[in-house]
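As structure tokens, one chain now follows by itself in the form predicted on its own.
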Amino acid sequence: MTATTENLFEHAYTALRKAQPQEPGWLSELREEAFENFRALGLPTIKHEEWRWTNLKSISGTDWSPAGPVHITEEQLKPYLIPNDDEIRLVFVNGHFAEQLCKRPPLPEGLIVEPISRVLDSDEALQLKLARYAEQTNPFTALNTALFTDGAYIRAGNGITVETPIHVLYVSTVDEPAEISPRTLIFAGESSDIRVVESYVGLGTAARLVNAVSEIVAKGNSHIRHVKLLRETDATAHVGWNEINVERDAGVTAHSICLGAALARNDVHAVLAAEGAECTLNGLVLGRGTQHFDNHVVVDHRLPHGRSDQLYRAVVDDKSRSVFAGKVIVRPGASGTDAQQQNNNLLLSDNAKVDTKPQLEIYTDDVKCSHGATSGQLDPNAVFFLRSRGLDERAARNLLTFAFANDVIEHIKIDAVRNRLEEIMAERFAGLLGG
């Protein structure tokens, strides 16, 4: 690690520890170990293979301080809410719990939806699970563990089904360069079924680093539907790590929707840890201006008869850039694995750029695995066909672009989220759906 980078985050770590109230010893030890790991690892550079398409100079060259609590109104939050009368909502502003903005109706017995800060002393399961799945060998994961102030803790007991989406909003609003480290732990007990939406929202124009980590655990025969929605400002560098652990006959469906940020790196690491585990990972990038979105996905099949599907699509305009690197690992003995991966990219400008790297690593026989990637512009024949049916050039191109992107959105099985995203896309591609 360079001296500059070390000093920057040493300052942030020291400031946080001084500001934090008394916390359990196990968490203090966890933080110290994590920061030592970060010191040893340092920030990656484009010389590291996994980061060769994403330059972090905007992060390593800024003096970050921990963001303090700020009051915002529900009116400011309104554009980012999901229209749903039954919504369960947790809100964190600059990493601090904002109870006045939450919506917490009576919950089913056995369902816990709380800020981590409120259950540190009372929930033994939290101590056993927090930071036990996401490996601290990733520098940003280690940094988050050392610096997080609060976050969402969602735990569903065995046999619970909750169809109402649980919406967690992480809002950042700062006047000077600041660092925010949201932390999420989602745990579904055996035979449970829950839906969780994580929204990352930016207000204001000052630079900020949002370094988010989510641990998502599905026990036997459970199902988690998860959506990560990125609506950061053009002054935000967002680094996110989603750790997914799927056990016997369980399933996780996770969507990553990238709409806003100056620079965003999303890592998804899914471990299919038992027989019959299933995981579906979908992603959509809508890039414009000089936005840079980097999605790195690893699916690790460790035992037999697992199934995984990946569909990532990007629409890039102006001088924006999308990166996709997807790897499927099939371990020795994981026979009967079915793993499919597809990455499709649409370039709307001659100056837009796409990098894609699908990979398969297979160490056993009797598997069904495939991957593919495409990049290109709109099909001129399809544009001509629509124009021959009465659409002008702009409307024809918008309709085809909307259809390309919506192929990902329509897979989201949380109705309120899917409908809202379709509205956002219709607004962006004006003239569609009555826009």
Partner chain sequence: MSAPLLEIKDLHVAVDGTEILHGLSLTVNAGEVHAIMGTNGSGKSTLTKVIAGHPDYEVTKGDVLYQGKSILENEPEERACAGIFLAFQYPVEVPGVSNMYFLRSALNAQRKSRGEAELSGAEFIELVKEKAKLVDIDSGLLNRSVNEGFSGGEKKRNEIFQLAMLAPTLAILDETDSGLDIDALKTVADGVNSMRDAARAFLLVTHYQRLLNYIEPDRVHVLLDGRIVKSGGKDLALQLEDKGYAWIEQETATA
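Remember, it's a predicted structure, so these values are computed and weren't measured experimentally. Positions refer to the first chain, counted from 1.
The same protein also has a form predicted together with its partner chain, omitted here; what follows describes it.
**Student:** In the model of the complex, which of the listed residues (E50, D63, D407, E33) lies with a heavy atom within 4.5 Å of its partner chain?
**Tutor:** Of the listed residues, the single hit is D407.
**Student:** Could you tell me which one of V367, L56, L27, L400 places a heavy atom within 4.5 Å of its partner chain in the model of the complex?
**Tutor:** Checking each option against its partner chain in the model of the complex, the one that comes within 4.5 Å is L400.
**Student:** Okay, which stretch from 392-400, 66-74, 41-49, 368-376 lines its partner chain in the model of the complex, with non-hydrogen atoms inside 4.5 Å?
**Tutor:** This holds for exactly one stretch, 392-400.
**Student:** Can you tell me which bits of 380-395 touch its partner chain in the model of the complex, meaning any heavy atom within 4.5 Å?
**Tutor:** Residues within 4.5 Å: N381, A382, F384, F385, L386, R387, S388, R389, G390, L391, D392, E393.
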